[in-house]
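Given as structure tokens, the chain that follows is alone and in the form predicted alone.
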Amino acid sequence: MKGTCKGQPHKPQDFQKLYLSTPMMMHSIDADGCLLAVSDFWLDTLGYTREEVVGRKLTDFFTYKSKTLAEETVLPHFFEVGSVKEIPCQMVKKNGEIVDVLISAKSERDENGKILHSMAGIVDITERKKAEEEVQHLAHYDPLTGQPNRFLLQERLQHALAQAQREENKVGVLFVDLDRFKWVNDTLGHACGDQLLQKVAQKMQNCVRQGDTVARFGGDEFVVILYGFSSDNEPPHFAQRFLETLSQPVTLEGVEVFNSASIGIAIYPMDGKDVETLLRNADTAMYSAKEHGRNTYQFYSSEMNERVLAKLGMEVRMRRALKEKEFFLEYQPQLDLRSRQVCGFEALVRWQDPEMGLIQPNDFIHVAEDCGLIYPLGEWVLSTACTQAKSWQDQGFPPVRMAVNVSSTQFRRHDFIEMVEDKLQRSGLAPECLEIELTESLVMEDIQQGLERLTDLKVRKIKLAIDDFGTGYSSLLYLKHFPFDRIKIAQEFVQDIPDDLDDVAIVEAIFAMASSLNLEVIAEGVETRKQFDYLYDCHCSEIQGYYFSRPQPADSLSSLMHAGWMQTDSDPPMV
């Protein structure tokens, strides 16, 4: 008959042999939970002999936790119901290693409920569980520092806030940003930057308590969760501890590096009652710490938030202003006191906002630097100034300097030199007619890089000036070694001369120092005849200020120059 199996029936010993040799862990137990039979693979996996396991309780080969769970819950359920499926537990090998397994079992009972037969199959999931745990770890921990990442941070902060609400407790959120991390990356390389982040993470972890969290939020930013502090002094205490610890030098590939941090503090529930608000407010406070000179901490306040919102609003308006061409340049003439001729102009950017009116640089340059708009704005200023200088030359006026201020973020940009060259070439202006003005603090941020970049500009015949001299480091070191052409005395020291004897002493010291180093000196902010006469008597090279001329649009200056304004009498006119 078709479909009929032809073969010899299996003998019981054949099934037993198949049971023992099956390539998976199998066992049978009696009503007391003792092992009656195990497969060879069961023995091979755990490293026992059959004599060592048969007759012993199955749970003798479990970890303590799995044994307790099995004897109190799983086995009683199995004996009552007759089956279990994929029960997770941990078994122990003879050598002590732990194996994660899933156990499924089925039993057969007689009419009295007594177990006649049972059989269990075991699946080893050790490697799978390790892989799952690794995936979970990668999803929740930063691979570089080993600290919780922003996702786990948010989970822990959410849990901390829920617990704090139940217990009427406080939670501190500290937003920590490294002050000079970009310098380390750019100067020493990303490998050193990674080393620094690892050292910083370990230092911060050593500063907190067991229940606190130090997480890497991203880049060079860390967030600390302080839970359950009894005094309002504790968050600033921890912040100060971080500052002191992080300010200690670290050695990166043989180079000793000094670092600092800016820290913002927000407290639950005063500064926010949810994760997003607390993180945002702590971040806002951190930026306030940067504005206060870095290497410090600041608490969040509503006034601070208003400033941040205003700053964000200005950023939005600035992006529109660049697109709509609302920025324009004015030029302030510079007078050579020896020849009584105009020797240069300083290009000064202005912003005519349709809603707020005229906005001065002091109110928007720092916003442009923070949000990255300083790059397109700076390029536009340089391009426009160079083009205007060449236009005046093409109209027949003598070549004079065009001075352009450069911010630290512009100067540090890797393609800064190439950008300057491009603007000169496009405008047709000779390099010696362009003067780049830099502040003292900018130059001293990274002396080696500053010297290299200044030298690159100098060999291209571009003039170099130090702006606001006397308000920064005023170090003879950079004056001696850096290739500057002139220094500009800050108007803070000019406005009260010759009446203020302290300012007089400072100005005369600057003249003497500049003379010994063969540097030209230009005084800014000259507004009165007394200031003019004093500077003339001191043999000051050049002046710039309202006494001679206010900053003016290019068209106005062109008209004045056509009228002969370039030929200045002994007393310069006030324009």
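In this text, residue numbers run from 1 along the sequence as written. Remember, predicted model here, so these are calculated numbers, not experimental data.
Although it is not shown, the form predicted together with a small molecule is what the next lines describe.
- Taking the partner from the other structure, the small molecule in the model of the complex has no heavy atom within 4.5 Å of any heavy atom of P236.
- Taking non-hydrogen atoms only, V381 approaches the small molecule to within 4.5 angstroms in the model of the complex.
- In the model of the complex, V526 approaches the small molecule with a heavy atom inside 4.5 Å.
- Under a 4.5 angstroms non-hydrogen atom cutoff, the small molecule in the model of the complex lacks Q163 among its neighbouring residues.
- The listed set N259, Q332, Q195, S107 contains one residue whose heavy atoms approach the small molecule in the model of the complex to within 4.5 Å, identified as Q332.
- Taking a 4.5 Å heavy atom cutoff to the small molecule in the model of the complex, the contact residue among E440, E437, D271, D179 is E437.
- In short, of 292-300, 131-139, 406-414, 68-76 it is 406-414 that has heavy atoms within 4.5 Å of the small molecule in the model of the complex.
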